[in-house]
Structure formats: C-alpha cells, structure tokens
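Coming up is one lone chain in structure tokens, specifically the form predicted alone.
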C-alpha cells in the first residue's frame, strides 16, 4: 500500500511539474551551462523577426515561447535591430531589409526553397546572429535549428551552418480512419477529431505542426491507406480544409488517400476503369473541387490491388494506368500521386517477397512525371530486419519513394523500447549496386542517382491522442529520428539520439552516457529476442504483437511456416538459385554475395537460405546453438536496459521514469515469451538439446500456443 501511495504521489508531483511528455523535444528548459546561457542571452538581446506572414508569425511565436525559458531572460522583440549592440535577425532578404546588408545571395542560392543559414557575424561592428533563408518556411526551419542548437548546449560563437533538405517531400502517413480508430496505432485515438471539425480545431493540431516543422517534416497524409471514399465528399473536405489551415503556416501540406473505386461509390458510375472517359472526367472534377477547398493540397496516396483494396487490375489495367489516371487530374494543380508498391494478389505466389518487383519492374518509364512509386524498405512488411527492397535501383526511369514504419507494428507496439534510427539508417545506407558501388537506397530516393526532380520519403506515424503523443515515452525518438533522417540521410543515428535525449530529458552527461547506448542497442535486441538471423513473419496472427511461429491455416503467405520453413533438415526460406530465385531481382554484386552461404551476412542468413541445424556459424557454434543463444542475448539485453534505466532515477522526472520502468518490465516478460515460444517450437524440428547459457523455458509449448491477446491496441475496430 505504501509503495502504491508513493507511486501516486510521484506521478502527482510530476504532473504538477508539467513532465508528462506532451512537450516532446520542444521543452525549452533553461540552458544548463550558466556561461553558455549568459553568452547566448547577450548575443540574442534583441530579436528582429517580422511577422509579415503566417509562417514568420509562427517563427516569432516560437522564439517568444522558447527564448525567455532557454536564456532565463526576456530578450526584446523589435522591428529593427537599430543600434542594438547584439541582435538575432530572422527572415528573408525580402522580409527583413537588414539582411540585405550582409550580401547573403551567394550563400542562400544553393539552399533552395526550404534551406536556411545560421551565422554569427558583425554588421558595422555590432554582433548579429542571423537566421536567413530564401523563403519564410526556410526561416522557420532555421529558427528551430537555432533553438535545437541552444537546447543541446552548443555555443553561438563562430556559428556558421548551412542546411537544406536532400529529399523534397518528407511525409507522415497516418493510418487513421474517419471514426478516429488508428490501424496499427498504439497511442490512442487519431489526432483528427473529425466529428468536431471544421468548427473546432484542437490546439493540439498546432503543437503537432510545431513538432513536425522542428524536424523538417512538410506533409501529412491524413487518412488510412485502406481508404474510405467518404473523405472526398464535401463535408469531409471542409474538415480537411480546417486542418490544412492550421498546418499551413508550419510548411505542412495535407494529402489524402484515394480509394480507387470512389467514382462508383460516390459518383454513381458503373465502373472505375482508369481508361474510361467518364471515370477520368469524374476524377478531374473531384480534384478541382479539392483544390477549391485546399489550394495547396499535396496529392493522393494510393493502395490498390492489395489486401482486398480495389484497383485497376479489376479492369484488366496495370498500376501505371491507375496511377496516371489520378496524376493527370492532379497535374494542372501541382499535385502528385504516391502509388504504393505493397501489393500481393489473392493467388499466393511462389514467394511473396518477389511480387512487387514482378508487377512494377516492367512498368518502369510508363508513369507520369508526377507519380512516385512508394516502396517499403523491405520486400515483405516492416519486419524487425529485412534486406532492402529489390525495386530500389531496378526502376531508374521512375521516381521511387521510401516508406518506413515509425509505429512499431512488429516491434512491440508502444510497449517495447526500440529506437528505430538505426533501422531507418540501415535501410537508407543499403547499397543497391544498381549503377556501381555507392548506389544507395538514399540516393535512389533523393533522386540524385537517376536525376529525378521529384523525391518522397514517408513514415507511418506513431502519434495518437495519448498525452505524450506516442504511448511509450521513448517512442517519440522514432518520430524525431525519421524527420531528421528525412531532412539529411547522411546524419547518424548516434548524433540524432544524442540530440533527442538532450532536448527531451536533459544535457546531463551521466544520463546521456547511460541512455544513448540503450537506444542504439535496442533495435538489435528486439531482432534477437523475436526474429534473429534473418527469420521473419513469426508473429501471432492479426495483432502482430507476440510470437506465433506455429500460426498456420488459411492463406499460406499469412502464416509463419510459409516463411521459416523449419523441418528436420534445417530452417529458413531458400531464395537462392536453388529456391525461389528471389535473389535474381538484385544487382549481380548483391546477388552473388547473398547467394553463397559463406558470404551471406548472418543477419540475413535465414531470409535467403534454408540452412542445416548443424551448419557452422562464424562463432564456431552450430546454427541451432547460435539461434538459441541469440534469443537469450535479446532477453539479456532488455535486462541490461532495465538496470541502466534504474540508475537514472535521480536524473529523470518521476512520471516518465516510472512509466519507462514499468514498460521495460513488460518488455522483459515479452522477450522471455518470444525466446521460450520460438526455441520450444523450433526444437520440435531440430531435435537438439538447448545449449548451455540459455535459460529453461518457464512453460510448455502448449501453454504458449494457447496464449490469446484480444486487447492489443491498433487491431480490430
């Protein structure tokens, strides 16, 4: 009882202190280094940021919110620096004439429409900290970069930073339904309160916009890829317009998912055939209607002919026919189509990993210029680890967008601490060898490899109406990491984690040196305790939360045995020349490396090969022993995270400390269940003893097979 009362008291104290996670990485606590705080206060004594547009007003609002707290002093806000001995100048040369004295044209020109410059300089002997850009939104991004600089205890002396995004459209994909249920959503209901829109837009939407702008995200697809045509009706377009109006000052454009059968469902047509003139006319009129309501509408995201969604193949047409139908309607308005390559039909193929390539590769060059084919990072479905998707590098005539999953569908939902910066970077840095070494996925996506002007990266959002936005107090790091890598794919997960910890918690060296290794090791730990050595799709059916390597029945490629193929001889899916030949979809250098057991990375071994239980791994252990010990290592890693976090109690506010502590206990229990379930199940095939160093299972295999989870968030409706 005393412990419970103490817990309640600590939570109450934390709430009174405002530490509930709502502020995310925009906490703006006073700069902890007194000398730096004093120096920054002197340098930023007068702030000149003209509110000549809604976007510059947003920049000014952010400075007025942040600087008094960061500096523990209130700078003066003025229309001109005048004779001030030091000042912060924010804007464009057009919006702020004082910037024209600095002759920044040559420096700003290569930064494009969204880049910015931060510089410590002097004008007529007076110190000026400059945030300059070619556009108002660039200036806004620059303000957030300056505030990040201050939050992470970096000095202003000698500041000289030029930054511009490498990818043009950096989007969050919200799998949100019109009833506010979020598919694969683990943080509550949708942020979009459709019932009360357009009359009332929650202040939370502005804070969502602030958070996104602070990391350079410039678009939001508001609706689920399993689309509902009703969002295209006038009442809902009014609601979308209200959201767009709130997001617009922060540089964020809205996009919608288009249901391919909308002309039938809404327009009363008898067909949705993309080559039918009446269908083309219907979409042209509908798009014009959307732009009348939302002049800066971004375009459509489309899931078609996949998992039962309608599409052009129902009419004997292909994906290019379907995408081009919408692209032609959007083109006069500047909109784009993001056509997803996540497809598999009702007939189970020999290898589902091959299907997207099989359907889309022959269509290279047939899509309109304003179409992007949006591809998941791997060929199956956001597994804890996948090889890069073979379509990257295989369609040089078509802009290809990268789709990553921020929400943790296969990585423990909002329960498990799994930092995905490492996964995102792994996907971006993968070398396709399409045009020789260095043909990375990042260069395919940013358009530099094949000289495409249109570029897109998208992350399936993990936000909801939970007070801390993402459910798990650490999960916001994945939202942050996506945005930072979308802006600059050359950034490192280490540096991004460093920033996020400093801004979300504090600059305390002990906290940083303790928590950062936990974040950087957490994804590998999750791989080890769930699907190590290239195993994939071992999760339970429907909710995808816990283990289910035994799940069978129904459609074959929705079952675990389809993928692991365990038998008395070994385990793994043979995708080599002796199996499904999926490796033939990769460039020869990649294919040749992964084709051969000795050179195939062990992290992908069972993805591409059916391997004997007694195969000798690089460690000298048999595959069976290595597999079991990887599972144990995953459990041990989570326990090490628990111990590390426990030492941080004096460094973290009580509410977040206790929340993460409780979730880590849950994660450790889940990791043990994954280990025990999978080892016991695979042992029925291997017939080998569990090696020394692996803890005995707590329950029988029958016990684990009987586990049901009807209450996992993000499943059902």
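Positions refer to the first chain, counted from 1. Quantities reported herein were computed from a predicted structural model and do not represent experimental measurements.
If you look for the form predicted together with a small molecule, you will not find it shown, but the lines that follow are about it.
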Residue within 4.5 Å of the small molecule in the predicted bound form by heavy atom, from 528, 409, 136, 176, is 409
Among 641, 282, 382, 505, which has any heavy atom within 4.5 Å of the small molecule in the predicted bound form?
-> 382
Which of 76-84, 111-119, 179-187, 262-270 lies within 4.5 Å of the small molecule in the predicted bound form, heavy atoms considered? The stretch 179-187
Using heavy atoms and a 4.5 Å limit, would one call residue 100 a contact residue for the small molecule in the predicted bound form?
-> no
Is there any non-hydrogen atom of residue 225 lying within 4.5 Å of the small molecule in the predicted bound form?
-> yes
With the cut-off set at 4.5 Å between non-hydrogen atoms, does residue 307 touch the small molecule in the predicted bound form?
-> yes
Indicate whether the small molecule has at least one heavy atom within 4.5 Å of a heavy atom of residue 544 in the predicted bound form.
-> yes
